[in-house]
Ligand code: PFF
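Listed next as structure tokens is one chain, alone, in the form predicted alone.
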Amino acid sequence: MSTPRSAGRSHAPVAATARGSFTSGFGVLAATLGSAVGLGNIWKFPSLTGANGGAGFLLVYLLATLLIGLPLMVAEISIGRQARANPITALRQLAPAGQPWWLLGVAGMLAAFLILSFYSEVVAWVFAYVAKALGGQLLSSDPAVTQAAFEALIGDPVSALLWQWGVLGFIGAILLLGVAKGIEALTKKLMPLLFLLLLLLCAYSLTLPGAAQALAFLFLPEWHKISAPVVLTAMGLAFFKLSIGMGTMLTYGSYFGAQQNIPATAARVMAADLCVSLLAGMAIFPAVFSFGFAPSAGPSLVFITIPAVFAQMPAGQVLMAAFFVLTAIAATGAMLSLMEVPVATLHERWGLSRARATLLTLLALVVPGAGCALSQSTLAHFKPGGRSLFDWADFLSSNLLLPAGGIGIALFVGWAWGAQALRAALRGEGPPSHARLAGPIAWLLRWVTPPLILLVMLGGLGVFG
């Protein structure tokens, strides 16, 4: 697959000033971290860590991140900054002549679109719960009551649609402001607020009687739990947690400044993302253990168990509202990066204004988004192939498009683009030290990352039983 590096580069990069860019190093970090941090940080990561061996699982996860997550993040950001374009245009611009690597950009945009279809509904539940928490509608220590409240929300088609449309409109309004005044300006405010809320909740939770049990649940290794399925789970988490394989990091990379140190930024994002996940576990699980609940993963923890736990605590309404606000913040950053992929592509490739590209993306999401939103109510019995529309959007994006996109990006950078081009892209206009990891990263992307993602993909498809 290796061919002369200059082939297929007839298109000149678009100037960053003409298409928008991040304006500061902190803005780059905040926006990129906002993309990586999502709802999974609040419930999925800490739960999986505790259920799969604690500190032992963390070590496996960190190793998998170094072999899968970080190389791919560096690769996507490098492609984006080098081309200064959306995923489709960037891959057409940088690929050797005649090779259809641009299809990876199409797959990424489709994956982002499918994820938005169902993720926007989950985010809608979070925003609805912010309002419910502030209004005191969730103050019950009985899980049956909080479960009934959750089922009433998702089972009401009007509420499900209105909250989803409200979330999409909110995200669209931010994107209309542009890269610097919209995405960067908001994430620079939201990310510090997220850490502040997490630290406040941690400070309170660690005073509860269940704090020691919760810390043991998260951090004490249980080596006997480290099995092949656990390792596969850790690899999958390392791949999906850092918002790669869907064009988001490539798109954000196109807004990076030429002096930005890409490997250092990616490492900081990985460390901060891990920190958010662990702080979330330290904030949630002491309360969960203190009041005798099971630390089960999934929406039941966020929407049923957590309200019942906070209802039993002093200042429970305030703490519950703070929890759902920080969860909404985590969801907002992820939503912004997902929607920016089709918006940037429509804006640049089809010449639409940013406003029209945003509005067209919102309109295109109405039908598939509604299908996912109504999967628990009006369309509850419509399950082609045994899955609801919500589940199909999740399955196709998570188990097919994202892993395939990750493998494709790894092969493109490792073989078609190569270490020399990666080294030039990493350096940009910075010092040579910015590019010193190009060789090891290219080697990982050639020989290590693709087979590991393939294992994750096969596991998601149920090949291993």
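The numbering used is simple: start at 1 and walk along the sequence shown. Take the two forms, superpose them, and find the largest set of C-alpha atoms that agree within 1.5 Å; that set is the rigid core. Since the structure is predicted, the reported quantities are computational estimates derived from the model, not experimental observations.
Absent from the display: the form predicted together with the ligand. The rest refers to it.
Answer with yes or no whether T248 is in contact with the ligand in the predicted complex, where contact means some heavy atom within 4.5 Å. Answer yes; at least one heavy atom of T248 falls within 4.5 Å of the ligand in the predicted complex.
N41: heavy atom within 4.5 Å of the ligand in the predicted complex? Within the cut-off, so yes.
Within 4.5 Å, heavy atoms only: does T49 come near the ligand in the predicted complex? Result no; T49 lies far from the ligand in the predicted complex.
Could you confirm whether S117 comes within 4.5 Å of the ligand in the predicted complex, counting heavy atoms only? Contact check for S117: no, nothing within 4.5 Å of the ligand in the predicted complex.
Could you tell me which one of N86, S375, S337, Q164 places a heavy atom within 4.5 Å of the ligand in the predicted complex? In short, S337.
Exactly one residue in A36, A410, V28, L70 has a non-hydrogen atom within 4.5 Å of the ligand in the predicted complex; which is it? The option sitting close enough to the partner is A36.
Stretch from 240-248, 188-196, 175-183, 312-320 whose residues place a heavy atom within 4.5 Å of the ligand in the predicted complex: That would be stretch 240-248.
Hey, does P46 budge by 2 Å or more at the Cα between the shown form and the other one once the core is superposed? Passes the 2 Å threshold, so yes.
Does W417 move its CA by 2 angstroms or more between the shown form and the other one when the core is aligned? W417 C-alpha, core-superposed: shift of less than 2 Å.
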